[in-house]
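A lone chain, given as structure tokens: the form predicted on its own.
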């Protein structure tokens, strides 16, 4: 079982989020997703959005996020998750080059469309700098789109559990077997499943079908309520 956890750079502070990431790495999570905060994180629910807002108020910049990644670089692959406006303002090639220099495994940028590749050259730049451009699919992604994604996907593909935003949910209330099975007909890469997974039972269900389970909002909530020790206990429990 592979677990990918999520932090927002600069939340609740840069020093504290670094400690959270190092603690999760100690529990042998398989990937850590580091969100570069943005003022309008459209794919995120209230928990992560509030963390983005707080991180920005803390003075978190793209440069500081890259510095964090460089300090965390180690055995656990790190991914930067952000929105296109952040990479565009930094300069897309400069962003990809820096991502390579600090040792990122890949990028998750949900609002950069494949249709704009001939103008933006995002995939081309990821290939140039040895980055995995993680593609995202949902239960409503049409077959035509899956065929296009299959041609350009690298590393793994991120399957969102619903068409809404991130956040904890009581149930994974759709047919995972049918959903993941359809994706596998087109994509021959490991599949990650995220959005709403927040407890051991849900992780157990998800791992029956997906290769990687993503836990994001729950990590933020646990830390808020119980600190780093609670995050460590949760990650170890999930791993068990």
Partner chain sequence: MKSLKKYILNKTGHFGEYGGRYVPELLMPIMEELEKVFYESIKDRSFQDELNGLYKTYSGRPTPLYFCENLSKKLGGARIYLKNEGLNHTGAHKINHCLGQALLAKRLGKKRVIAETGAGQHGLATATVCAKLGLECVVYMGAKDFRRQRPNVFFMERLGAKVVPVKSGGQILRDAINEALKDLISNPEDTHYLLGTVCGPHPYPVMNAHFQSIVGREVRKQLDGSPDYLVACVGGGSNAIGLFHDFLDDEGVKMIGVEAGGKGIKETSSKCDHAARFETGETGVVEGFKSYFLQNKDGQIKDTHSISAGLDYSGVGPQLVYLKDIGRIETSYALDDEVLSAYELLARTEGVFAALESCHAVAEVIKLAPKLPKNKIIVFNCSGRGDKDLFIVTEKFNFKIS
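Residue numbers count along the first chain shown, from 1. All values derive from a computational prediction rather than experimental measurement.
There is also a form predicted together with the partner chain; it is not shown, and the following applies to it.
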message: Quick one: 89, 110 and 144 and the partner chain in the predicted bound form, is every residue within 4.5 Å by at least one heavy atom?
response: yes
- request: With the partner chain left out of view, choose which of 27, 199, 62, 207 has a non-hydrogen atom within 4.5 angstroms of it in the predicted bound form.
  value: 62
- prompt: Ok, 134, 99, 125, 137: which has a heavy atom sitting within 4.5 Å of the partner chain in the predicted bound form?
  reply: 137
- request: From the candidate stretches 126-134, 80-88, 67-75, 99-107, select the single one in contact with the partner chain in the predicted bound form, where contact means a heavy atom within 4.5 Å.
  value: 80-88
query: How about residue 149: is it within 4.5 Å of the partner chain in the predicted bound form, going by heavy atoms?
result: yes
message: Would you classify residue 93 as touching the partner chain in the predicted bound form, given a 4.5 Å non-hydrogen atom cut-off?
response: no
field: Residue contact check: residue 39 to the partner chain in the predicted bound form, 4.5 Å heavy atom
entry: yes
query: With the cut-off set at 4.5 Å between non-hydrogen atoms, does residue 54 touch the partner chain in the predicted bound form?
result: no
message: Using a 4.5 Å cut-off on any heavy atom, which residues of 102-124 would contact the partner chain in the predicted bound form?
response: 110, 111, 112, 113, 115, 116, 118, 119, 120
